[in-house]
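One chain is shown next in structure tokens, namely the form predicted on its own.
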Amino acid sequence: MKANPQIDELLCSFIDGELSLRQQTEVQRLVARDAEVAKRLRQLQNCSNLVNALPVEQAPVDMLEQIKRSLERQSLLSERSVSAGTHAGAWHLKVRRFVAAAAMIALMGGLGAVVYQIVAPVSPGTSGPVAIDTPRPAPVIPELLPPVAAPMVVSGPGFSGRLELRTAALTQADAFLKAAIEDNGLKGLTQVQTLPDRRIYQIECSREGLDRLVADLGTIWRNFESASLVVNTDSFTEPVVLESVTPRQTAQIIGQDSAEACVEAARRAAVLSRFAQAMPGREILSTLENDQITAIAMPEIPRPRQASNDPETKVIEAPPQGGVQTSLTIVLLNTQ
């Protein structure tokens, strides 16, 4: 989308919460109709989030006195330069402009370094503090699995983690999940635990099989009261936790080609989610995102295919052997 100063000014006012209720409604409609405007809104939101995330530094105590002395010294130099002649005054003016330009370049360089430390990806094996991963500890998910459940062992180089879904209709959600697992040919690859307040499904299958299962869950995602995704890293670091995860985020993380790529995608999604929670006008944007989940995000997730030409047959092709293997534990929690 080409830069449009009027549209950018309107979107910036929307992000800063400076519009009236009627104007906010008009912007919401414009974003829902025009994909380019929606993309531009996300770009401006990311810029605002990065600027707000910059650290605040305390000004020196004697800064005001230094500025006063500097202004007095420049004033004396200016008076001397004017009395010396027009040529000397012009030379001093050029010097002051050069100093101001150099100070601006130095300031932009420092700002760029801070932004790079915030958004730069983490290389494997990098030691030391990282700005993205260490601002706050990951939230603790209490008692997601009972002690009787054996820990899952990653069977391949792909995704490994846990999806927790809270619902007040546990029986209906459990029946839907069982049917989806059977329809996608994953019944023989799934271990089930039935407890009074939860249902636990441990699935080890190919990435394609898990993509199809997440696509089916996306059709009833709005019926869950909340959804959390925990992405396993390794035995030395804490897992990455995404609260209020969407089906699109889940599909994008699971669809990576390696476990390292899954963890990196989850970390990026967690950072963006934290920025979005602090964004002005978040309630309106959340409504827009929920309205677009089914219309935009879900068609991007691969759908299951029937292996038989008989329309009454629901047997799905077995996952291909030798592909990226994944491990997912789905926990249905009863909130009643």
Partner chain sequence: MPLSAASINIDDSVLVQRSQTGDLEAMERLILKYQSRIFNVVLKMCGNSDDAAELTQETFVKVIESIEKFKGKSSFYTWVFRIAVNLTLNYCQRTARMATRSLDAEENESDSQGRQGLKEFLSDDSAADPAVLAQRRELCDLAKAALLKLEEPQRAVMVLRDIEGMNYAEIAEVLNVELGTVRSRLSRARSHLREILEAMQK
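So that the term is clear: the rigid core is the largest set of C-alpha atoms that superpose within 1.5 Å between two forms. Numbering follows the first chain given and starts at 1. No experiment lies behind these values; they were computed from the predicted model shown.
Omitted here: the form predicted in complex with its partner chain. The next part is about that form.
Its partner chain is not drawn, but in the predicted bound form it has no heavy atom within 4.5 Å of Ala101.
Using a 4.5 Å cutoff between non-hydrogen atoms, Leu30 does not count as a contact of its partner chain in the predicted bound form.
Proximity of Ser258 to its partner chain in the predicted bound form falls outside the 4.5 Å heavy atom cutoff. When contacts are judged by a 4.5 Å heavy atom cut-off, Leu54 counts as touching its partner chain in the predicted bound form.
Residue Gln74 is the only one of Thr219, Gln74, Ser226, Gln172 with a heavy atom lying within 4.5 Å of its partner chain in the predicted bound form. Annotated contacts: Glu182, Gly188 and Gln191 are all free of its partner chain in the predicted bound form [non-hydrogen atom within 4.5 angstroms].
For the stretch 36-65, the set of residues having any non-hydrogen atom within 4.5 angstroms of its partner chain in the predicted bound form comprises Lys39, Arg40, Arg42, Gln43, Leu44, Asn46, Cys47, Ser48, Asn49, Leu50, Val51, Asn52, Ala53, Leu54, Pro55, Val56, Glu57, Gln58, Ala59, Pro60, Met63, Leu64, in sequence order. A movement of the C-alpha atom of Leu11 reaching 2 angstroms or beyond is seen between the shown form and the other one when the two forms are aligned on their rigid core. When two forms of a protein are overlaid on their rigid core, residues whose CA moves 2 Å or more are considered shifted, and Arg268 is not one of them between the shown form and the other one.
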